[in-house]
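A single chain comes next, written as structure tokens; it is the form predicted alone.
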Amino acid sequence: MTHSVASGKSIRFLYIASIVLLCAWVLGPLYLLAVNALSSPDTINQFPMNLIPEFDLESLIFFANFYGMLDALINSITVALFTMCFSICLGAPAGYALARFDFVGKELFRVIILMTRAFPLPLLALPLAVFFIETGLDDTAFGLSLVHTTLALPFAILITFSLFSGVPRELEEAAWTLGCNRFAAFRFVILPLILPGITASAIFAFVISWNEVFASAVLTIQNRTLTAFLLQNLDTAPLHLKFAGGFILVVPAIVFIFAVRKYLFAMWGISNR
């Protein structure tokens, strides 16, 4: 009995230690990034490094006034918004069809959706660049958003599929018996129930586009997004500009996690009801 209790305590200790190490591994670099972004340029170059932020906005102000940075930030927001809209407008109907209709090859189609993420983007860089140049989509926010949509669309389809699967079909059928057509039943019955999950999916697509760098660097020259612009100036930019740019890139992802975490948990819980 004593041996069993000691073994249980050891397992619990290892479990807690693993969680602490994982949190330190993830949160440590984020904390150091925030400290340096919120400190003055002189403090960043000091040794030993200061572990407490000064809440000095000089680095962020320098980042905002750096030539081309504001345009890159606007381009990132524009492309991410386009990607978010395209992903939901295309992914939600596909997710609804997978959840509500039975057709030949349905399971294979779901596998193919996942397989699209198995193709590395660098392999498609050259044909994409040639195609975009021939069609005039190169170096445009719209063209880049199409590429980002292909990256976010599989997640949008599978997430919305889980959402629609979690809503009982009987609710929709009851709306039909009361005079609603399929579109009206979706609008007034289904959509209010899944709207939080749709919002989470949309923000997820936004973050995917926001953090993408390879396609942005290959397919844009004058109208670069923030990630591509920072990559372009990585060698010549001062250290405090790099920390400020990294901080600005990380903030949307962190806000996304805290804003929609309960919707994501509920979404997976609904799919396994």
Partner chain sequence: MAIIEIKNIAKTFGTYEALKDINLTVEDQEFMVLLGASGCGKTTLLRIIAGLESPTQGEVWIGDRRIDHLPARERGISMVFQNYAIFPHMTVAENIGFGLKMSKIPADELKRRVEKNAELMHIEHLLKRYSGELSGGQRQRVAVARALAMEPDVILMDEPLSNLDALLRLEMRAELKGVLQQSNTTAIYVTHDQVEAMSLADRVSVMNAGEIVQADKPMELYRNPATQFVASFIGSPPMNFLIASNTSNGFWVIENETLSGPSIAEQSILLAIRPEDVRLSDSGLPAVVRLVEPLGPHLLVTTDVGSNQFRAILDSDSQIQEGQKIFLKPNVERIRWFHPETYRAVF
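Computed from a predicted structure; not experimentally measured. Residue numbers count along the first chain shown, from 1.
Same protein, other form: the form predicted in complex with its partner chain, not shown, and the subject of what follows.
In terms of contact with its partner chain in the model of the complex, the residue from I74, C180, L195, C85 that brings a heavy atom within 4.5 Å is C180.
Its partner chain in the model of the complex is not approached by L81, whose heavy atoms all lie more than 4.5 angstroms from it. For the chain shown alone, A200 is not a contact residue for its partner chain in the model of the complex, no non-hydrogen atom being within 4.5 angstroms. In the model of the complex, its partner chain sits within 4.5 Å of a heavy atom belonging to V189. Of the heavy atoms in A175, some are within 4.5 Å of its partner chain in the model of the complex. Residues E170, L171, E173 are the members of 140 to 173 with a non-hydrogen atom no more than 4.5 angstroms from its partner chain in the model of the complex.
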